[in-house]
Each structure stands twice: as C-alpha cells, then as structure tokens.
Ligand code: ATP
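What follows is a single chain, given as structure tokens, in the form predicted on its own.
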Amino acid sequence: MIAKLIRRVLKAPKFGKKPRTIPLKAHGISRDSISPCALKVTDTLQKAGYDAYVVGGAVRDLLLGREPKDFDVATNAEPEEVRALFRRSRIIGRRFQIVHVMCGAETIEVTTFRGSAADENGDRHEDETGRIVRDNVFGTLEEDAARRDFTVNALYYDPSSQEVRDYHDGVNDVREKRLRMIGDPEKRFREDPVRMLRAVRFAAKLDFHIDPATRAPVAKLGDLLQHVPGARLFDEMLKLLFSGHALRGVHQLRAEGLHHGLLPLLDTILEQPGGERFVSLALKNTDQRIAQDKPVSPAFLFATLLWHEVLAAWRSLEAQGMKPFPALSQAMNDVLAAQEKKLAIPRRFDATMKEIWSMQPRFQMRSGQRPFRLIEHPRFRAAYDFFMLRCESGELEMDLLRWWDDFIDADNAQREAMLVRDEAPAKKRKRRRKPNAKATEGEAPPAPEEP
C-alpha cells in the first residue's frame, strides 16, 4: 500500500519507460470526436485531481477514421473513488473491479490502472500453464499500458490536452495495419489464451495482418483454450461472429489452427463443398445484416454452424433403420450434448435451434394442410431463412425454394391450387374379395384380407 501511494504521489514510472506524446496536429483526434458522456467522466476525474484518459479501441478506431462503438476510460482513481464522484454509477466485477458510469442511454466503463505483477501481498497467481487465475492489482499508467494485449489497444487520449500517449508504438502499428502483441507473445498468450481468439477477431474486424512474431506461438498453444471456461469462450466467439466480419474471422480461425474445440468439425465442414458453401453463405448473411444495422440471432447462427454435423448424424441414424423424425431428434440431441463440452452455448438457445432444425423436413411436404400449418408456425421465418440457405448452398433443389416463395406470396385460393399431390408411398389397400358363389356347400368362403 505504501509503495502504491508513493507511486501515485510522485507519478514515478515503475519501468522508467517514457511514452511518445503525440499532439493533435499529428494524430487528428479532436475533443469533439469524443462522446459527451466520456468527456464528462474524464473532465470530472481530472477536476478531482486524478489522471483520466479515453483508452483502447475508441482511440484506435478514431485513428482509423471509424466511429467507435463505445468509449472506455482509464484512471488512477480506484473504484470506490470513482463511484463517489458519479451519482449514476455502480461497481461491477469480481476478479477486477470496474465502474460503470451512466449518462442517459450511454454507459462508460471506467477502469483503474492495472499493475503488471504481483504486489507484496501476492495478489496475482498463475496456474501450471502460465494462465493468470487471480489478478486484482492496481498500478501506474505505464504498468497499465504494459498489461494491455496489443499495441493498437494501448493508446491513451487526454481530452484536456488533446494528446495521445503511446508507450509501445501503437500509432505506427495502426498506420501499418499491424496487430502486434506487447511483450513476449508466448508468455502473454499463456497468461490468457483468449488473447489468441482476440488476435483473430481484431485482424478480421480491422483488416489488419498479424505480426509474424505474434503469430508464431499460436499453433502450438491452441490446446490452452481447453482450460478456458466455456462461458468465456462462447462470449468471445459471439464477439467474433457478430463483428461484421464473421466470414473472414472463421476462415482465419482455421488458418491459425484455433477452430478445434470451439465448433466441432468446423475444419471438416469447411473442406466439404456443400458444407463450406452453406457456412459461408450463413456468415456472409450475418455480416450483411450487421452492416445494414439489422438484428441478428445467435441461435440462428449457431444452428447454421452446427447443421452439417446434425445432418451427418441424422443420415447415419436413418441408415441404421431409424425413422426420419425420431432420427433427426436423436441427432439434434447428440450434437448439442457433444457441443456443450467444448463451447458453452447457453441452453436458452437450444429450443430455438431445435425448432429451426426440426422444421426442415416439413419444407419438403407440399400436400394437404401441411404447408398451411407450417407457414403459421411462430418460428416459420427463421426456419424459412435456414431452408433458403440450404437451397442456395446446393443441399436442396432451387425449384423447392421457388415453390415456397410463390406459396408465401399467394392468397389462399392460389395456395390451394399450388398443392402438390402427396407423392409419399401410400399403403396398398387390398381389395375385399366377395364370397365364392361356387363354393361347395358347407365350405366357408375365404376370410377378407387386412386392408
């Protein structure tokens, strides 16, 4: 505690590393580019005598000419001190506490500068693989910059002076579109294996190339992801898949060898002509919806990514003699059960995924009342979009898709006329034989055969 107080009072850098201070005319980020809520937070903290910077992705995106999705603030004020300055704020987090400051609908995440190593009380611990399992250490600005993962995320913008503080040549990496790890890449990946997934996500989202030294240890460290809690993996996968660049991200996962253990048999799916086209169409569709600011469904997307595994299991069970619908039901359960061990898809998505899958055979039934009942199903639109991907990928005939397109647009009378005669093999009804009039007296006529 005394050492921390001395560092705060004297502002003494622990490592002696001085930042490159970049003025407004060199970086071009004006104070007007910062959200009003973030300005309120930094101004309030600075007036109270604390350091405060807009940090990370927002600074990076502004340098790239992009509009930041959100603004984060880093400060030397501790959580309770931040909380005391803002009426509408709350402290969250267990492993490392942060403060959420609310301004209307906007929320600013405020973090205290993090320390780079265990303090004298041993508040940082690593497991046998090098992963940090407990880390609740506050530190200096210099230590905080060293603790961040990539150089392009370790940029600090001071709204009062409109200067950027750059400790690791991050501004140059932004200009070179280079993603580079701070410190020794292997050690940093061991500390937190999810950083490997973040590298893929940022490279895909920003259209950056991964620095060779950063990329080198990834192939041999991929197995460390097995030690990461499933819920955290799922959260990181959602960020990648809903980044607006999912198609590139998934292919980059495969290129880096990180797909194993995340989505079962994703490499096999991408090597199959039908499976690759189906997954690519689904991811492209998701990217387009995000670009158009349309809603996207995690359940739908994961249903598409797992479909070809469900399809393979379904066909296998049918080949063993199981009837189609029970076989599909069993295949769905088996695939989801296997997936739970690798990627913790929340159970709240299971029901939607199963509904989408279980409705697929019904699109091939175009007789009687079945098409009318299907079109009234509350999940019809999602199931239809899924069915459309199956047709466009070549799994089903396009004529079937065209029939459904016409059926959806038709009125009831036109729909009745469009119905296809049931081509399912009907049970043969054997004709009931009449009693033989020439039967000899006392001889019983042949018994009628079962219909």
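Please read these numbers as outputs of a predicted model, since none were measured by experiment. All residue numbers refer to positions in the sequence shown, first residue = 1.
Although not depicted, the form predicted in complex with the named molecule is the subject of the following passage.
Taken together, 69, 201 and 205 are fully in contact with the named molecule in the model of the complex: each brings a heavy atom within 4.5 Å.
Checking 60 to 68, 34 to 42, 380 to 388, 399 to 407 against the named molecule in the model of the complex, the stretch whose residues place heavy atoms within 4.5 Å of it is 60 to 68. In the model of the complex, the named molecule sits within 4.5 Å of a heavy atom of residue 149. Among residues of the shown chain, residue 239 is one whose heavy atoms approach the named molecule to within 4.5 Å in the model of the complex. When contacts are judged by a 4.5 Å heavy atom cut-off, residue 195 counts as touching the named molecule in the model of the complex. Within this chain, residue 89 is remote from the site of the named molecule in the model of the complex, having no heavy atom within 4.5 Å. Site annotation in the model of the complex: the residue of 352, 280, 153, 297 reaching within 4.5 Å of the named molecule with a heavy atom is 153. Residue 232 is the only one of 315, 289, 232, 227 with a heavy atom lying within 4.5 Å of the named molecule in the model of the complex.
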